[in-house]
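Okay, here we've got a single chain as structure tokens, the form predicted on its own, with questions on binding and movement later.
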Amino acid sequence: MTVLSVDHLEVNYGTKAPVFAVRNVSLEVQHQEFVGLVGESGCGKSTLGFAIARLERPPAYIRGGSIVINGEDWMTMPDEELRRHRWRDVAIVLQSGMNALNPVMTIEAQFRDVMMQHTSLSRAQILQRSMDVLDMAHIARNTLKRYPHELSGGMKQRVVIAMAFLLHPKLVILDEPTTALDMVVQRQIMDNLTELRQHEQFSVLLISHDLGLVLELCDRVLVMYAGQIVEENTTDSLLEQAWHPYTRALMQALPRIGGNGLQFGGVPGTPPDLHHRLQHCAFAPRCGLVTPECQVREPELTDTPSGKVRCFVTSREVVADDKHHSIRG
């Protein structure tokens, strides 16, 4: 069952000299699937996440495309109806979600406020659900009686993630949930999500620049560059064969231990200026496989054995590989 379907979505910033932040993006998330969205800062990841939840704010606006969540058209839904569906159908945890907690309310009061706005549960039922989500996230129940300032940054982020599951959402959007947290807390949050996955039936769109985190937690990976999806692949297949040159560069940038100690690569150059509509491959100026075709035409997403890729060179590799296997067969 498809929980999220995004089709040809475009998001701009401003109107006179717009920034084309999200360009013709299509994606799907299936029931109970964990999908990672990765890419450099400024590639449009968070803008896409906000747009999916219909939380875009001026000067950002959706220029075109469709968003369907649980069979509901979120592009035509009135604001009041959108508010009713958020938390219940879609919950979003922001990079600075810990700062969203009200400093003068206890955690219990904030959990209760969310559930009273969206359900008809009694106070006893609300308290029980609050304790249940803390149990699933391995957070002590007495945390409900505490105020945000009494909690560490990592604990506040874990509480916000637990809060996102109060109303059994079908889709949870996590936007950089572990940024600025130490490795121990990052591991706790990853373990929490794995544990919650065993209790709750939900899907996740994990937005992150941390490819290692995404590869460990997600079933499928979407790689975003300059506002576009340039590769879609299963996690297992990506570890074996990254098709897009940008994805390969990201994989090479992961730290690894070698004979000379810690080793990692990088991606030379800078992303393109999205104030201009690109008429060529966005990655061409930084790519070691660039051809004359890349500099005059923009590639389409092409099927690979395990997903899709937006690259002329590797698309031809896929075709050649298919022919090779068919001849051998």
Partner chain sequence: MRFFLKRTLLLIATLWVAVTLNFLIPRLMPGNPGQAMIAKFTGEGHPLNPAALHSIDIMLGISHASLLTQYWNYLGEVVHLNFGMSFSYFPYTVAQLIERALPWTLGLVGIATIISFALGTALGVIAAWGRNTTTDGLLTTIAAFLNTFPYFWFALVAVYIMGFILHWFPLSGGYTPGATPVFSLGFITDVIRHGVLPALTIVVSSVGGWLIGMRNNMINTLGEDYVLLAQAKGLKSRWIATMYAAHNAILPNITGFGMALGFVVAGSLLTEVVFGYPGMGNLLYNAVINEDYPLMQGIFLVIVTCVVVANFIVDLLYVLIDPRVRYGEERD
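Positions refer to the first chain, counted from 1. Just so we're clear, the structure is a prediction, and the values are computed from it rather than from any experiment.
What comes next is about the form predicted in complex with its partner chain, which is not displayed.
S.K.: Taking the partner as it appears in the model of the complex, which of 238-246, 105-113, 196-204, 217-225 has residues with heavy atoms within 4.5 Å of its partner chain?
M.R.: Looking at the partner contacts, the answer comes out as 105-113.
S.K.: Would you mind picking the one in Arg123, Arg187, Arg83, His138 that has a heavy atom within 4.5 Å of its partner chain in the model of the complex?
M.R.: Selected option: Arg83.
S.K.: Within 4.5 Å of its partner chain in the model of the complex, heavy atoms considered, which of Ala180, Leu254, Met183, Ala100?
M.R.: Selected residue: Ala100.
S.K.: Do Phe165 and its partner chain come within 4.5 Å of each other in the model of the complex, heavy atoms counted?
M.R.: Result no; Phe165 lies far from its partner chain in the model of the complex.
S.K.: Is there a heavy atom of Leu94 lying 4.5 Å or less from a heavy atom of its partner chain in the model of the complex?
M.R.: Because a heavy atom of Leu94 falls inside 4.5 Å of its partner chain in the model of the complex, the answer is yes.
S.K.: At 4.5 Å between heavy atoms, is His118 in contact with its partner chain in the model of the complex?
M.R.: Contact with its partner chain, yes.
S.K.: Looking in the model of the complex, any heavy atom of Glu150 within 4.5 Å of its partner chain?
M.R.: Result yes; Glu150 sits at the interface with its partner chain in the model of the complex.
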